[in-house]
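Presented below, as structure tokens, is a lone chain in the form predicted alone.
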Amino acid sequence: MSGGALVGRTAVVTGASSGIGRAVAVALAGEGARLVLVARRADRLAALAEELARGGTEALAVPLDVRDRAAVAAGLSAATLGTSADVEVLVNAAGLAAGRAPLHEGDPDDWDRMLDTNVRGVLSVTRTLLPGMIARGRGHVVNIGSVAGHDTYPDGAVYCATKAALDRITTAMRTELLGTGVRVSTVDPGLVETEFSVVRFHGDRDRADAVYAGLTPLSAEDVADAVRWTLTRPAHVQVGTLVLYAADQAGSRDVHRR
């Protein structure tokens, strides 16, 4: 894909109600894609779909929880999507961190939320849409990973494990799909200021703000621009892993604060 490559193509974006997912949806709308917006929060999805429609983008809101395999299968079926059934782009942006503590002090409910969303949710959505891409001989899956999948940090064992698992899933898919016309990429950002830390710390805004204190983090739009670039490379180019750091960051634990 290159200039104008996304015009008229159907793209599914999970986690589209906020943060990176929302920014990706807006960026792909700007490239002329037709959007299928997936997230749990129906009101936010509807508002985004209306906003995109005012700008001339065809956007379908599909409220569902990616942790619910049956809901994913039903919500993303050809019967439900109708004219948007021929999905050529999937951006798996739904993901979260829940809690931050040593493993022996962690909350198993937090672990389940991360595993079910970051790993099982990606598997369910991809398993639902990938066969159609293979049958049509074209498509592109972009997973939103994290530098945490490459560089483990204390008190984040389970979150890091989910992103490491996503990296391995992405790599395996790329090998399995050789010759099918379907490309697979991952965009792995470092510190991005969204609702991520507020969710992680269960609404503790002060603790969340401290994560970004004294530095300039990435924005959701920075990550979305990387996704847009990845999706618009010529057909013979496959981006493997694209890692993004803020200029004030060199690793999960290497951060300069002013």
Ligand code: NDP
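The numbering used is simple: start at 1 and walk along the sequence shown. If you're wondering where the values come from, they're calculated on a predicted model, not measured in any experiment.
Below, we refer to the form predicted together with the ligand, which is not included among the displayed structures.
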Item checked: Contact residue in the predicted complex, from L215, A208, L191, A61 (heavy atom within 4.5 Å of the ligand) -> L191
Note to self: Quick check on this chain: which one of A224, A33, L52, V66 has a heavy atom within 4.5 Å of the ligand in the predicted complex?
What the structure shows: V66
Margin query: Can you tell me whether T10 touches the ligand? I mean in the predicted complex, with a 4.5 angstroms heavy atom cut-off.
Written below: no
Notebook entry, point to check: How about S18: is it within 4.5 Å of the ligand in the predicted complex, going by heavy atoms?
Noted result: yes
Notebook entry, point to check: in the predicted complex, does G95 have a heavy atom within 4.5 Å of the ligand?
Noted result: yes
Check: Looking at the partner-bound form in the predicted complex, is T186 within 4.5 Å of the ligand by any heavy atom?
Finding: no
Check: Which among 228-236, 196-204, 24-32, 53-61 is in contact with the ligand in the predicted complex, heavy atoms within 4.5 angstroms?
Finding: 196-204
Next item on the list: Could you tell me if all three of T117, S146 and K163 have a heavy atom no more than 4.5 Å from the ligand in the predicted complex?
Entry: yes
